[in-house]
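Form predicted on its own, single chain, as structure tokens, below.
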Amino acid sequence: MRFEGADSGTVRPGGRTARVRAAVLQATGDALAEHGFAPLDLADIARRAEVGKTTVYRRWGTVTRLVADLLLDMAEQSLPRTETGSLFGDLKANARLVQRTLADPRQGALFKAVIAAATCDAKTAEALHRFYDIRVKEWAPCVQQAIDRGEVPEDTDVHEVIRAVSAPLYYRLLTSGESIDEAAADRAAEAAATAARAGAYLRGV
């Protein structure tokens, strides 16, 4: 399943190289979701993907490079932003996409594993930061449009608003154990929209 509601198991066109990459990245995601980062092994990934070990070692070389490529692929294949014409509508769409991802047993476990690995591995952390940077930038124009409509103050930090939407959902995933349902997503979106209108995310404040 692709991040934020799409299907990462789909093999995309592009010849044998693309098919091998898709199979290996699918296998990597499965292994992360099942066992976490620590036991990840290139030989096991090759076996799961049904490709030669030499191919995996030659193309990726290390586990961290493989995870980085997985995160890049997830970011590139994520669904584009939804534009509803209102800040709350846009933020709710964003929150519900994140919610569906984190509530999915496989995807939720995968993100837990990658986030845990990023706390002690600099390359994984760099890849994770790049992943979220891509996703935040994808949705930031929704906040800029709200600024243009006069819904929120002109100096609003558009990236901080998007980060504020998903933060409560990741808190539930990583710390509280509470259900990550649509009601939680809608509350997160409403809270971020209300705070943005009140000027809570002004640059430099």
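We call the rigid core whatever largest set of C-alpha positions still superposes within 1.5 Å between the two forms. Each residue number is its position in the shown sequence, starting from 1. What you are looking at is a predicted structure, and each value in this text was computed from that prediction instead of being measured.
Another form, the form predicted together with another copy of the chain, is not on view; read the next lines as being about it.
Using a 4.5 Å cutoff between non-hydrogen atoms, residue 156 does not count as a contact of another copy of the chain in the predicted bound form. By the criterion of a heavy atom within 4.5 Å, residue 110 is counted among the residues contacting another copy of the chain in the predicted bound form. In the predicted bound form, residue 95 stays away from another copy of the chain, with no heavy atom inside 4.5 Å. Although the partner is absent here, residue 138 lies well away from another copy of the chain in the predicted bound form, with no heavy atom inside 4.5 Å. The putative spot formed by 78, 100 and 152 is not touched by another copy of the chain in the predicted bound form; no residue has a non-hydrogen atom within 4.5 angstroms of it. Contacts to another copy of the chain in the predicted bound form (heavy atom within 4.5 Å) from stretch 161 to 181: 163, 166, 167, 168, 170, 171, 172, 174, 175, 176, 177, 178.
Relative to the superposed core, residue 163 shifts its CA atom by less than 2 Å between this form and the one not shown. A decrease of at least 3 Å in the separation of the C-alpha atoms of residue 34 and residue 125 is found in the predicted bound form, compared with the displayed form. In the predicted bound form, the separation between the C-alpha atoms of residue 31 and residue 103 grows by 3 Å or more relative to the displayed form.
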